[in-house]
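As a starting point, one isolated chain is supplied in structure tokens, in the form predicted on its own.
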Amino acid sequence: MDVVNFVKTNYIKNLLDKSIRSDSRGLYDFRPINIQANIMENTEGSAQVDLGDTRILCGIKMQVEDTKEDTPDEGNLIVSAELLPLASSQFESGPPSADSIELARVVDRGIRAAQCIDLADLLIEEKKAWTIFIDLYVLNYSGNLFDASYIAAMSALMNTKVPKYEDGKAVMEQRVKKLKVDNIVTSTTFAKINNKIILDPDENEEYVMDARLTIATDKKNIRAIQKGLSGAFSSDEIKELVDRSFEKHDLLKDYINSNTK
């Protein structure tokens, strides 16, 4: 560890020993959240989310495809994530990294488990259905990509319009109805640093954290959990964080709903 990172690590840890964060937030406070919906013309839905200085862009594209043999009465949903090199010196161009794959899978898992989209509603006709592509682009990394990506994905889905389909083909230039979204799922990511637990770690806090826990919930149920790093959370800590995740869900859901057009 170089001198700069050594000083930064000690600074953050010493502050947290006093239950103080470097940006003066409470231990369980989010950074400011800003959502801009429908900012991409050539998509069926889109949203840009700023969570503090972390910025995520989500674009939704829909495509008519043949149904799968094992799910002949359903469409499909595919989530991808790209960590753009311009977002951070840590990110490199090339094949998807382990971090980008994890990000996409965690968001995909929560949306599917919460049944936000009824895949049966995507069926158009026999053997033809819509596939929804949820593409996440990290434009600036400053910590906590999971929560920002969930907000971006749900905001984009809530503002998605379905293209017209006639005479056996999609008319992509004509969007005739809003996509039916049956549920909203959000996530809360906690970091453990020494014996302190915080919500929404920024980039510096992620650098020194011992463990990470992301909990995706809707109004009533846990829909996905992802643990990161080698540190541990006790069973009592997890129970408390689950409760806090449900509490924060209402806040995040209000942000998403207030930016639905």
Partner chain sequence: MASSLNKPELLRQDGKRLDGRDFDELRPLKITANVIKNANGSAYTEWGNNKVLAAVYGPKEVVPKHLSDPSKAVIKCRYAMAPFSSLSDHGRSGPNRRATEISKVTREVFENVVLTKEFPDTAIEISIEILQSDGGTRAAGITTAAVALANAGIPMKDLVYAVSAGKIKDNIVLDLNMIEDNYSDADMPVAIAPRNNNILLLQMDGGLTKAQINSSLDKVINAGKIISKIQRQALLDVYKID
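Positions refer to the first chain, counted from 1. The model shown is predicted, which means the values in this text are computed figures rather than measured ones.
What comes next is about the form predicted together with the partner chain, which does not appear here.
This chain is displayed alone, yet in the predicted bound form one of 175, 112, 128, 105 has a heavy atom within 4.5 Å of the partner chain; that residue is 175. Of the listed positions (214, 217, 43, 67), a single one reaches within 4.5 angstroms of the partner chain by any non-hydrogen atom in the predicted bound form, namely 43. Contact with the partner chain in the predicted bound form, defined as any heavy atom within 4.5 Å, is confined among 32-40, 190-198, 205-213, 224-232 to 32-40.
Proximity of residue 135 to the partner chain in the predicted bound form falls within the 4.5 Å heavy atom cutoff. In the predicted bound form, residue 57 approaches the partner chain with a heavy atom inside 4.5 Å. Within 4.5 Å of any heavy atom of the partner chain in the predicted bound form lies no heavy atom of residue 168. Using a 4.5 angstroms threshold between heavy atoms, residue 99 stays clear of the partner chain in the predicted bound form. Annotation for 52-91: interface residues with the partner chain in the predicted bound form are 53, 55, 57, 59, 61, 63, 82, 84, 85, 86, 87, 88, 89 [heavy atom within 4.5 Å].
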